[in-house]
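Here you get one chain, nothing else, as structure tokens; it is the form predicted on its own.
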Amino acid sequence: MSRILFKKEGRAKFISHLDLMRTMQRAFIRAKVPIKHTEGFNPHPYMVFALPLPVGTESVCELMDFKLAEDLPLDTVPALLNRALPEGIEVTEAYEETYKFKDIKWLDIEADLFYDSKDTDEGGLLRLLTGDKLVMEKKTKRSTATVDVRPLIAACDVKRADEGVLTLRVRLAVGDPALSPAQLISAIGQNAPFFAPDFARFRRLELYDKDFHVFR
């Protein structure tokens, strides 16, 4: 399997995961990059994404695996695909897969938290997220459970970006169990409603394995 590292930014963040798959499929065709397809009555390209990206979230660390149908130097793939991709989606690297996506365990997220009130307390939010416990109601497949999600936060930093805006950088677990950015915001609201933002904007920064090594 081969792998690409790509960005999804700007207006492209509003492209759904299903539409992203279609966009990538068309880009391979237009770029004349020979991707291998499955056999049978309904062949489809070998194409697997690491972690589906929620609509509205930007990322500079998206990964996608694919199979080439013919020999092609992988270092030529980024330029070929970028000529066929829409604005906001950019392939930055192509290489042979070494590790499996199941080995991804942590994800760095940057979140801009917007408040109607300009009196925001970055220190208080940091203490909340780095305390001994962060208990919340978390939905499971069958019910709702009360869980401590603090072990699912490996690192955290909060800075004031502007009046009424805090920038949160946090490393969240993405394995099983996992804590999504939306769930983190929910946990903040459940434990300290005055720290719940009126709006949050997310950006993926980096992926890691269980030992906190950058995953590629």
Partner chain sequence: MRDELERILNRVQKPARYTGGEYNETVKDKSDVDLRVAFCFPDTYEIGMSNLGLQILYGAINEEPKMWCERCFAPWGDMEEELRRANIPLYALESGDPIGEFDAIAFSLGYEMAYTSVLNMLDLAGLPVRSADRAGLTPLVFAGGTSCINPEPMADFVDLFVLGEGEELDLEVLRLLRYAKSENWDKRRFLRAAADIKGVYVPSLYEPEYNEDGTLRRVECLDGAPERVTKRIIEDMDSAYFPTKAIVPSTEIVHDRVVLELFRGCVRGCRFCQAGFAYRPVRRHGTGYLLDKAKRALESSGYEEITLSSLSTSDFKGLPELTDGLLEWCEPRKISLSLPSLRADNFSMGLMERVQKVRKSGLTFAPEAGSQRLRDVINKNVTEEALLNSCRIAFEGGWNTLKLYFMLGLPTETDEDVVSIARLAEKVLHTWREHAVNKARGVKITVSTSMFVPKPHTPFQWEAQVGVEEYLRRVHLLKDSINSRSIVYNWHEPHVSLIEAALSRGDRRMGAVIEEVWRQGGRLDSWTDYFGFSRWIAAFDACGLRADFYANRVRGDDEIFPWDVISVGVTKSYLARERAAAYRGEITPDCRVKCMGCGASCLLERRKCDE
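Residue numbers count along the first chain shown, from 1. What you are looking at is a predicted structure, and each value in this text was computed from that prediction instead of being measured.
The same protein also exists as the form predicted together with its partner chain; that form is not shown, yet it is the one meant from here on.
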Item to complete: With heavy atoms only and a cut-off of 4.5 Å, decide whether D116 touches its partner chain in the predicted complex.
Response: yes
Discussion item. So in the predicted complex, is its partner chain close enough to I29 to count as touching (4.5 Å, heavy atoms)?
Written reply: yes
Discussion item. In the predicted complex, is there a heavy atom of its partner chain that lies within 4.5 Å of any heavy atom of V55, even though the partner is absent here?
Written reply: yes
Discussion item. Given that its partner chain is not shown alongside this chain, does E93 nevertheless sit within 4.5 Å of it in the predicted complex, heavy atom to heavy atom?
Written reply: no
Worksheet item: Out of L125, M136, L85, L72, which one falls within 4.5 Å of its partner chain in the predicted complex, going by heavy atoms?
Response: L85
Worksheet item: Since the chain is shown here on its own, which stretch among 148 to 156, 185 to 193, 60 to 68, 29 to 37 would lie within 4.5 Å of its partner chain in the predicted complex, judged by heavy atoms?
Response: 29 to 37
Worksheet item: Does anything in 185 to 209 come within 4.5 Å of its partner chain in the predicted complex by heavy atoms, and if so which residues, in order?
Response: D198, F199, R201
